[in-house]
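Presented below, as structure tokens, is a lone chain in the form predicted alone.
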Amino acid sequence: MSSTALADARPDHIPEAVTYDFDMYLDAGLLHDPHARVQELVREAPPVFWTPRNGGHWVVTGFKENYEASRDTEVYSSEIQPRAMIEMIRPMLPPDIGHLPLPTPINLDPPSHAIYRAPLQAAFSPRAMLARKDEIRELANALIDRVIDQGHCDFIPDIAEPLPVQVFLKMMGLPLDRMAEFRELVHEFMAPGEPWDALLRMRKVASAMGSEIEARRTEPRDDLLSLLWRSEIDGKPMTTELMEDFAVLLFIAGLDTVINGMGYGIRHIAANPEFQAELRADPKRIVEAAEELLRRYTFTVPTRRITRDVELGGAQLKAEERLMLFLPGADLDPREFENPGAFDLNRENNVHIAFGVGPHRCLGSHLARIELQVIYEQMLARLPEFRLDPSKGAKFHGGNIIAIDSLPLRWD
């Protein structure tokens, strides 16, 4: 966008000094080498800046600014589409659309957030997730067995995608034979669009799970859908509408996020043979390596709605504007991490916020850590030295997840 067009698109209350042209979906740098572009963004743009792209919104790349906004839920609300707003949009939607689900509890602010999150706390506790470690390892080995003799694979569709997706489908009680259909729904959900597009996509996701949700009402099993049906929210029994709200969140989070963590981690290991050899020689270091990989290649970008005029990082933000918590930038902020672009297995300060911070810190972080550690362990234990395929490059896409779609690997 030219400087003239940028000035024309900028609201009067936003000065040029905090304006930067950045498209979180289609930025060319994000699609070529995402975290190199993130480093460039941190260097060039203010820690809080406004971009005219995608309807105009704020982007927060600074660590302390992300930390502040993530914890102040009164000013930076997770209710991106409050029910009142949805009712305003409803006339634009098909008249027979029925309940419009919202991802719960991530779309709620305290104190309601804690009430609705409570039924899931035990299901995602460290002890509950640790109990799944053998199952995760067995599945990882089975996926590696499918490709080990061919000397190459595309790590994302062959291993990184089916592992956490199958684990999560089993947890939810959803059929594994619908995995491809469910993944396509996730890709559609994550694409850019208007507010009503998001509502229609959430309705589509809820409908895809409708028969399974209803079946668990009368025939419960040992899965999350059955657990939720047995739960009470603030003393009230579960409803079909609320089940759809919960299911939409769990579906989207469980079927997409950790895939990218695996992809960026294996990409780094494959591109750095000395580091790969170090982990092979001392597998105990995989735990700390996984944390530094999460910091170095953070990939989630939560959205917030600003509830009142406020100052953040020297910028003046107005009520009802949108703000993106650009966590990949926060974890590469040189004000917080010394030489942040370097991967340092001995880094002393590694309090990253890849899983977020505050009330909305990722509920599935314990599961994600186990899956990441297991896949690194098994890839290193089962395969000879693997490397990036020089004839095929990785593929990425932007959005609220800086995603890796393809990662061709080779080994001898």
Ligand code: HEM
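From 1 onward, residues are counted along the sequence shown. Quick caveat: nothing in here was measured; it's all calculated off a predicted structure.
There is another form of the same protein, the form predicted together with this ligand; it is not shown, and what comes next is about it.
Among residues of the shown chain, Arg304 is one whose heavy atoms approach this ligand to within 4.5 Å in the predicted bound form.
Proximity of Arg117 to this ligand in the predicted bound form: non-hydrogen atoms within 4.5 Å are present. Interface membership of Pro340, defined by any non-hydrogen atom within 4.5 Å of this ligand in the predicted bound form, is ruled out. At a distance threshold of 4.5 angstroms between non-hydrogen atoms, Tyr67 is out of contact with this ligand in the predicted bound form. Among the residues Met379, Val59, Ala354, Ala45, the one placing a heavy atom within 4.5 Å of this ligand in the predicted bound form is Ala354. Shown without its partner, this chain lists Phe182, Tyr264, Phe299, Tyr76 as candidates; in the predicted bound form, only Phe299 has a non-hydrogen atom within 4.5 angstroms of this ligand.
Only one segment in the set 34-42, 343-351, 370-378, 50-58 has any non-hydrogen atom within 4.5 angstroms of this ligand in the predicted bound form, and it is 370-378.
Heavy atoms closer than or equal to 4.5 Å to this ligand in the predicted bound form belong, across 336-363, to the residues Ala354, Phe355, Gly356, Pro359, His360, Arg361, Cys362, Leu363, ordered by sequence position.
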